[in-house]
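The chain below stands alone and is given in structure tokens; this is the form predicted alone.
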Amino acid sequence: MNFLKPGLFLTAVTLWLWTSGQGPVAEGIADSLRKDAGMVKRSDIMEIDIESPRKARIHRKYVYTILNSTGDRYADIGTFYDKFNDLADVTAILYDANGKVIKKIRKNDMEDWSMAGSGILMTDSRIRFYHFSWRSYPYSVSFEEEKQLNGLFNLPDWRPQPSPDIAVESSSLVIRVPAGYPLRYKQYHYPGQPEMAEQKGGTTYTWEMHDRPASNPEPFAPAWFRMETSVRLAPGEFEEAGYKGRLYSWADLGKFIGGLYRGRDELPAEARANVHQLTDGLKDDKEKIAVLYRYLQQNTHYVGIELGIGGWQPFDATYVYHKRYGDCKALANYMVALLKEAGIRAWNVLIQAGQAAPAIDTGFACNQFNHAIAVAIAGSDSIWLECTSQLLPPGYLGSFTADRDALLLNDDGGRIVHTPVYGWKENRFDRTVRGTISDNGSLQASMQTGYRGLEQDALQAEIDRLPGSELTRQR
């Protein structure tokens, strides 16, 4: 069966769904698409019209049929917006198994949630959300939205089958760009190339997927994101909040981010004096790094405030010194400023954080990062610093950011580096039990357990979280 085929993106199914007098009905779904599926994508079309390096319009319309309770989560309607993603309009419709309309909603009917929380105190990122409460299977939902992008630094990915329990009848990505615009893309598990059509004033790119059944992943199979079909997009030229950039290489990305950081590493006189008071008497660079890292940990704490371009541009070092807080990039930038004042080479580093985070694709330069750390150089050693932690020792990253590629921001823009790998020598779990058995058969024993490296991460996190009374309480 040919699961993927370029061609007319308005398939017969799409035309039927939107031109007939009724909504989607489940009888039209092939048996091959019902197997192992919680939801079937009847049609999903995302159209992106790029107007200039700083303006684009996104139109998306989909129709999902929910077959059973495992697919109910796909009936939740949600869409993101912020300063750079202007949500113009949203509509959604709930249908029963026969295509009868049960409920219609518009943008103002949806809940409006802030994305603050989970460490973010303040942000202008928000979500419009609506939950359809309908459990008579099968049922269908349609969704349509229109967005205006005010900056092209982040373009959406196309993931037609984002989970193995989804079957796909039809899914399409259509991108229209002005003549000569340098659209960049990378395909994953997509055979062939997109259909391209040259038209007056521009070019249209089309990717399609049809008749892809759901799957039942085998135990110990690779993560789904490593196997699914997808297309990643990036602009060649873009503008974000008045800052212009290019995105043909990692050095280009580093130069753009470096422009956002420029001039924000200046320390006030009082902070510079503190640095010299702490480090001038020390001869070893590793000791200087450790002293300044402890100074950072004792005098600042993490607070996420990300408004507008502040999602990528840090508070300046003077602000962090006086206010004693910042988000990850602000604290890392402040740490680098302290180190440089002490004569230590140091850089900011962008990274994809999270224990289960997917590895970045180093072969395709684009925004793939969600966190910032710092690295300092002492002789031939790199000392990695997690600046949002008030407890980690200098040089230790833990499972949150260890063993992955990252973008180091330097004077040439940026280059890919790899964070420390903790192997079997560093990660140890040792347990010793000593006991004696008395004549009557009773056992007296003592147990000593040692944790090192990544083995101690979760336990140390609990120790750091619990109050002293809980740590000493007898269990």
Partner chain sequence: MKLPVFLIPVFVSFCLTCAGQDTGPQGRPDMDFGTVTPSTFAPVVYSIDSTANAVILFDHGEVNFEPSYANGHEFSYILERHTRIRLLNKNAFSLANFTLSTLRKSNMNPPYIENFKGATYNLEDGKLVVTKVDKSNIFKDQNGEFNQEKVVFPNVKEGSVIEYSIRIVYPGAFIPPWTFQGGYPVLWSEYDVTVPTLYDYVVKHQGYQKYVVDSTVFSTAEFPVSFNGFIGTWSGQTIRRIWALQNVPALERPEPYTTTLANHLSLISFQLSAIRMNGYNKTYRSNWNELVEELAKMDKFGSPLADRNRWVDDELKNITAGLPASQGSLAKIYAYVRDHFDCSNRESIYMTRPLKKVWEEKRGNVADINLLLIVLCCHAGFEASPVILSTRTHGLAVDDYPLLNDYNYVICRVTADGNTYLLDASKPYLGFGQLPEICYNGWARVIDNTLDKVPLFSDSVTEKRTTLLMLANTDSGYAGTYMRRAGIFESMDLRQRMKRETPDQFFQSLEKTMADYKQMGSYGFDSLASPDQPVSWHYTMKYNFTRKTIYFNPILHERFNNNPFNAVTRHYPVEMPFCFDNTYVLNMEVPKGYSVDQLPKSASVKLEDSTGLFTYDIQSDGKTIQFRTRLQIRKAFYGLDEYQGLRDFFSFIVGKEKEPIVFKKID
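It should be emphasised that the depicted structure is a prediction, and the values quoted were computed from it without experimental measurement. Residue numbers count along the first chain shown, from 1.
Heads up, the form predicted together with the partner chain isn't pictured, but that's what we're talking about next.
Only one of 346, 303, 365, 296 gets a heavy atom within 4.5 Å of the partner chain in the model of the complex. Which one? By the 4.5 Å heavy-atom cutoff, the listed residue in contact is 303.
Listed residue (188, 243, 325, 225) with a non-hydrogen atom within 4.5 angstroms of the partner chain in the model of the complex: If I apply the 4.5 Å criterion carefully, the residue I get is 325.
The partner chain in the model of the complex: contacting segment from 243-251, 122-130, 330-338, 190-198, heavy atom within 4.5 Å: Selected range: 122-130.
Taking 403, 425 and 432 as the candidate spot, are all three within 4.5 angstroms of the partner chain in the model of the complex by heavy atoms? No, because 403, 425 and 432 lack any heavy atom that approaches the partner chain to within 4.5 Å in the model of the complex.
Check residue 135 for me: does it contact the partner chain in the model of the complex (non-hydrogen atoms, 4.5 angstroms)? Residue 135 belongs to the contact set for the partner chain.
Heavy atom to heavy atom, is residue 102 within 4.5 Å of the partner chain in the model of the complex? Judged by the heavy-atom cut-off of 4.5 Å, residue 102 is in contact with the partner chain in the model of the complex.
Looking at the partner-bound form in the model of the complex, is residue 399 within 4.5 Å of the partner chain by any heavy atom? So residue 399 does not count as contacting the partner chain.
So in the model of the complex, does any heavy atom of residue 307 sit within 4.5 Å of the partner chain? Output for residue 307 is yes: heavy atoms within 4.5 Å of the partner chain.
Residues in 191-217 with any heavy atom within 4.5 Å of the partner chain in the model of the complex: The stretch does not touch the partner at all.
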